[in-house]
Ligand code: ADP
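Presented as structure tokens, the chain that follows is alone, the form predicted on its own.
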């Protein structure tokens, strides 16, 4: 007797539905995507009991005639593609022809549709995949779909659904993605007869993000200057340096209008931010990528969540470059705040307290422009504040930080003037708070600078720059070590031996799958060098072609400069304070330290007026 039998059409439909319809949010996603493909300018979604009991999606799209209304309920019937070659040129969100028949097979389903010029529409009622009624309807142009009692005929699937609140949150998340991805379309979301939000069509992405995520977050987003080549175009919004989340919940990426998940893009975003992002944090992004559909495979996952790129390397390069340019534009905008431009901050002088003990207004004079003091040319002339800890790796002689001297003695007379310093039209220093925070005034209001974080950034960029120009000095090991790697890692190491040599790592083949390590960078200290080297190799493999391969030790560099940077309670003389701010302003990323923490905080005049009750 044969043990293999064909499944009935009903069972086959229910099995197939499990790949497309996981929960109510999956139903909403598929129906809304069909509405967008139909050219809808307004989509209304209503759910009850988290979508388990009732889902309704109404759009004003192109609608269907009776033949199409019946045919769309057949499996693999679609208007999106005709031949296999069309799979390489998919411009729509849906294309499989599985969504509607799958949904209809596990629910009580109603479809009402009408073309714009038609006198009457069509209404189709389906229960468990079987068509029960087909009749004329008088609905408005467009399409209306109702889904009741989801999984009523599959109790085993129904019991795996979560609570109503959880399912509602998943539906709202899916609509959030669709609304962000298609700002030109208006959306209405109704949950248990309560309007959650009502979004009109938006002219700009920023308007839609503000409506959904709030004005506070939107103010912290940067416009990505449109990055376009023959093969790829990137635009959108990115969080400023320091704006991050502990998860990827707000790391949204849209490829040809479709919300996608892809590790290549995740790594590229992380690499683009680099030290502008704290370790363990994820950037806030609303990134839109447009590319030739032939260069990407969206037919990987039944729910179309994952995609694969034909050439992932250049997609990664493009994303890294777009992020870098966006952050650099913020750097230029940020810098203009402190520099004279159009007379906005012209005329600002320099004002510094003479000593911690001098607190009266008379001891805080405005330094005239004509009085100048020659500043130290660089940090190299300044000795270390104290003997570093035993486990601290020494910095190069040229990178020792500024002096930490004891506070000067109280002046003999009240009217004695402190040391003068050069005036600056870029900013005005008011003093030091708590022996750590430098208070400055700029055109926007009050700025607090963390002197430790600021000095970390200065030393980090200087040391990295020297490494990239001169290479990393290596120190030979008394006893060489061996490193056993997989064939894949071994091939990668063999092709990048010159890069590793320039990075201070001495490697050479030592048999099949084994390499000998005879030198390591001088600034690295590790109890397990082989494990450290494996981590470094993993980091190097994730860098893009345009990224410096000398990034391998940046975590160690950051820790090293952290030990040697000025600390809280380290008193800085006036010229040192001025030079600290000037060098910080000259950095590539002056607004965050190498660990991604902010170096400064801006408090606007409006915020100060609000705190003092001068403004509502």
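Nothing here was measured: the structure is a model prediction, and the numbers come from that model. Residue numbers count along the first chain shown, from 1.
Unshown form predicted together with adenosine-5'-diphosphate; subsequent notes refer to it.
None of 139, 211, 317, 98 but one reaches within 4.5 angstroms of adenosine-5'-diphosphate in the predicted bound form through a heavy atom, and that residue is 98. This chain is displayed alone, yet in the predicted bound form one of 521, 94, 129, 283 has a heavy atom within 4.5 Å of adenosine-5'-diphosphate; that residue is 94. At least one heavy atom of residue 59 is located within 4.5 Å of adenosine-5'-diphosphate in the predicted bound form. Among residues of the shown chain, residue 566 is not one whose heavy atoms approach adenosine-5'-diphosphate to within 4.5 Å in the predicted bound form. Put simply, residue 34 is close to adenosine-5'-diphosphate in the predicted bound form: some heavy atom of it is within 4.5 Å. adenosine-5'-diphosphate in the predicted bound form comes within 4.5 Å of a heavy atom belonging to residue 38. The stretch among 79 to 87, 226 to 234, 187 to 195, 490 to 498 whose residues place heavy atoms within 4.5 Å of adenosine-5'-diphosphate in the predicted bound form is 79 to 87.
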